[in-house]
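Given as structure tokens, the chain that follows is alone and in the form predicted on its own.
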């Protein structure tokens, strides 16, 4: 917990795991995302002059340093969206919480939501979640270039969400889904700090170069996510796992996986996970394994830790 002295404003945002269709959501295909029971927390207090950022989150080596320029841009975007004059503002922003700063679990979106809420409290803005979500989306442009909006939506609202980006400029489709009960998962970190903006741009460039191939993959991803929605509602976890495996294959096809991610996905399946795939932007970052029951969760987690990977034990549908 961060220090409370001279506290001016505070806020939190959920971490997330994308279960189906990262990258494809950018191109208008529905995706399914779940918040996890880990959060980023932000506090804002008066500073001497200008803006200072103190990032106290724990996570991948080099994450904070590599993301610093994007982080500053994201905060500047938030100030503009909220009508805050940065030149006349002297603030210290402190980031903490129990969400590790790994690539792929929505660390940037969670921190954006947390900071937006802290700033709103400090400047006495009574903002609904819908507006916080819009501000966090603006902030995410610094990290992802052309974000789908799925990360900041999960960070803002929590829960299990069906998400579809509206390509015509209207409001995105956001629908809460329900699980019969929370389900244990493992999030494994490759240790590679990925650049989401670069990964998103790469997919767009390859799609433009070979549209026939990518259009088929997009169609397959859309068919798959509707099957996943049905399986989740029926609590058919074996079916969900098989569809996660297939979704990973599609993500390999669009070239966003990497050797480390593929190894971890294979290792999770070998140890009994019902399904496993990369999660987030890819190119490093994290993968997710469906491991219902604590004994299975621990078995898969132990296998990762034996090989030196950092693991987050959490649940979906919380």
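Nothing here was measured: the structure is a model prediction, and the numbers come from that model. Positions refer to the first chain, counted from 1.
Separately, the form predicted together with a small molecule exists; it is not shown, and the next lines address it.
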Q: Specify the contacting stretch among 126 to 134, 147 to 155, 71 to 79, 170 to 178, defined as having any heavy atom within 4.5 Å of the small molecule in the predicted complex.
A: 147 to 155
(Q) in the predicted complex, is there a heavy atom of the small molecule that lies within 4.5 Å of any heavy atom of residue 188, even though the partner is absent here? (A) no
Q. Hey, in the predicted complex, is residue 25 touching the small molecule, heavy atoms inside 4.5 Å?
A. yes
Q. Heavy atoms within 4.5 Å of the small molecule in the predicted complex: does residue 243 have any?
A. no
Q) Any chance residue 231 has a heavy atom within 4.5 Å of the small molecule in the predicted complex? A) no
**Q.** Sole residue of 200, 192, 160, 183 within 4.5 Å of the small molecule in the predicted complex, by heavy atom
**A.** 200
Q.
Going by heavy atom distances of 4.5 angstroms or less, which of 283, 275, 280, 31 would be at the interface with the small molecule in the predicted complex?
A. 280
